[in-house]
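Shown here is one chain on its own, the form predicted on its own, set out as structure tokens.
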């Protein structure tokens, strides 16, 4: 499933990085502690978090995440938005919480 297909199925809105909409999603990871995520997020996974800052973009880039999904309408700060655009990291948002989003992503990937 691509990031664009995921956005459609989960009713997500793009905040940045739409040029990466055709990136394939291989799975998902949920976490908000950057150092923890850095050690566990796998290449191609969608990262579900509330962290919408420039450090989150750095972790997603370093780990080659397929996208970041911000939950609970978490904001993406302007520095992070600019960096996501520069690095080509798709950042999407939902009003659902992380648990609901992870369940929906898991079902969509089946």
Partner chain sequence: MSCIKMKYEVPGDDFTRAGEASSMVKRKLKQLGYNPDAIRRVAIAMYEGEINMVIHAGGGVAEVEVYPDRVEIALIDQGPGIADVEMAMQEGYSTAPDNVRSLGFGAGMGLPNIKKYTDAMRIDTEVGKGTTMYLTVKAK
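The structure displayed is predicted, hence computed values, not measured ones. Numbering follows the first chain given and starts at 1.
Not on display, but discussed next: the form predicted together with the partner chain.
- Within 4.5 Å of the partner chain in the model of the complex, a heavy atom is found for not a single one of 24, 45 and 99.
- Not displayed here, the partner chain is kept clear of residue 95 by more than 4.5 Å at the level of heavy atoms in the model of the complex.
- Using a 4.5 angstroms limit between non-hydrogen atoms, residue 87 touches the partner chain in the model of the complex.
- Not displayed here, the partner chain is approached by residue 83 to within 4.5 Å at the level of heavy atoms in the model of the complex.
- Although the partner is absent here, residue 32 sits close enough that one of its heavy atoms falls within 4.5 Å of the partner chain in the model of the complex.
- For the stretch 37 to 59, the set of residues having any non-hydrogen atom within 4.5 angstroms of the partner chain in the model of the complex comprises 38, 39, 40, 51, 53, 54, 55, 58, 59, in sequence order.
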